[in-house]
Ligand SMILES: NC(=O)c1ccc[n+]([C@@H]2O[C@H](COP(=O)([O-])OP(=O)(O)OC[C@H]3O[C@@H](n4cnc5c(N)ncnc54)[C@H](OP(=O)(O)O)[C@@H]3O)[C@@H](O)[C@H]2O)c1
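Single chain ahead, written as structure tokens, the form predicted alone.
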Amino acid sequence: MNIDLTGKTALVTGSTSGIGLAAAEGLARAGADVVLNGRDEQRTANAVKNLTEKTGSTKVRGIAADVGTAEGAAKLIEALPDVDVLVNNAGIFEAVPVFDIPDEEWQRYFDVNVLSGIRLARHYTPRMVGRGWGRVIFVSSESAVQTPTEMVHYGMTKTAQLAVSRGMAQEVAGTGVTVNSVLPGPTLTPGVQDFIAGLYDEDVPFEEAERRFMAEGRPTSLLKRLIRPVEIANLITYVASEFSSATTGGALRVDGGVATAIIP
């Protein structure tokens, strides 16, 4: 399968590391003009430099903006009025007992994980419809359908993304624009690595900590290891392509079998 996104502009939010950066790399290798996004100017610039060197693409640039705020989303939209592919990846997570989560944290998680994607999709999707082609992808999580006890506020936002993406897909039915969610499972990103390392003694090698976490914390995994970001990026790149033209309104799992439900 030769995915060719030449001539398409793809924006990936939260793409200075982890799944977002891997997705940006996949899209760049497919020929897209890729726009990286992060909150910090220097981190964003470094990510652009590293990705350019890694892929050899001359069509990678960055826009630093905090899309978890209305001001940040407006800043990004002003700098980049149109895209063909929107990957809503920006997100935060943290393990906190549910009854200890204050109002402001519930609101912050909703703003960053859900409203950021809504704001951008609200702007870019009608423009895609006007051109008769586009791809909107929300990076959700298996936590959307299997709420983690230690991160209920995070799970809530991931479930909300499924409702938003399905509703938007219905709104643009028959236009050539598709809207989908991708549901990664536990993935080896810097944040997850720090989270898992913090669960065990410092003298426990990370490979052993990973094994223990999957056995104890995610025992339903059929993969029995953390997913690598490139494995998520492969699905995102496919969903962004012409080959996925009949896939819309979907919740597409790339979770290593962690979620025990058959659908989605």
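Predicted, not measured: the structure shown is a model, and the values here were computed from it. Start at 1 and count along the sequence shown; that's the residue number.
The following text describes the form predicted in complex with the named molecule, which does not appear among the structures shown.
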item	value
Triplet 125, 175 and 247 all within 4.5 Å of the named molecule in the predicted bound form via a heavy atom	no
Selected contact from 164, 83, 77, 139, since only one has a non-hydrogen atom within 4.5 angstroms of the named molecule in the predicted bound form	139
Close approach of residue 112 to the named molecule in the predicted bound form, 4.5 Å, heavy atom	yes
4.5 angstroms heavy atom contact with the named molecule in the predicted bound form for residue 19	yes
Residue 40 within 4.5 Å of the named molecule in the predicted bound form, heavy atoms	yes
Contact test in the predicted bound form: residue 135 vs the named molecule, heavy atoms, 4.5 Å	no
In the predicted bound form, segment of 63 to 71, 27 to 35, 48 to 56, 197 to 205 with a heavy atom within 4.5 Å of the named molecule	63 to 71
In the predicted bound form: members of 154 to 187 within 4.5 Å of the named molecule, any heavy atom	154, 158, 184, 185, 186, 187
